[in-house]
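There is one chain below, alone, in structure tokens, taken in the form predicted on its own.
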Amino acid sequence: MATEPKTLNDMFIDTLKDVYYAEKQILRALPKMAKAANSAELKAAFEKHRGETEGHVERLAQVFEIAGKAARGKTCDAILGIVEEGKAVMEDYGDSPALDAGLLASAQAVEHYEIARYGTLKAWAQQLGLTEAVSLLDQTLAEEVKTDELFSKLGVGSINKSAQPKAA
């Protein structure tokens, strides 16, 4: 028997599962990153983003509902790799002035992944006529972009400078 070809809706649901899993992994990683960070500003940014990430998971559950599917994740190898890199930074740079710069870089890798995923999901939701989902995905996308901008500002403002040894 021939199987039906997969559709854009199938891809949408698969990617939704992927990002749902990713957000759950991020929820587990952010407290560890906040604890490891030396900068009070960076700790606060990680803690704030954890609260936002809880909202992202809730919105994704709503998008699943709109799409008529149960909210469940699918292993996302990309986020697992990015999270592993963040763990390696904490292990390899734990006592280094460069720790916060590495944590920030890891966090931005996560943000860039999420921005790509949410942008794609939003475009597909538009194509599929899932108007309510478009609005929810757009909200999350805007928060991810804002967080990335905050991380960039922290990096340029103080974090990356703190990673440099002081001149004698």
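Keep in mind that what you see is a predicted model, and the values were worked out from it rather than measured. Each residue number is its position in the shown sequence, starting from 1.
There is also a form predicted in complex with a further copy of the same chain; it is not shown, and the following applies to it.
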Triplet Ala61, Ala71 and Thr147 all within 4.5 Å of a further copy of the same chain in the predicted complex via a heavy atom: no
4.5 angstroms heavy atom contact with a further copy of the same chain in the predicted complex for Ser135: no
Close approach of Lys32 to a further copy of the same chain in the predicted complex, 4.5 Å, heavy atom: no
In the predicted complex, His112 touching a further copy of the same chain (heavy atom, 4.5 Å): yes
a further copy of the same chain contact at Thr131 in the predicted complex, heavy atom, 4.5 Å: no
Partner-facing stretch of 104-112, 47-55, 61-69, 32-40, counted where any non-hydrogen atom is within 4.5 angstroms of a further copy of the same chain in the predicted complex: 104-112
Interface residues of 18-36 toward a further copy of the same chain, as seen in the predicted complex [heavy atoms, 4.5 Å]: Asp18
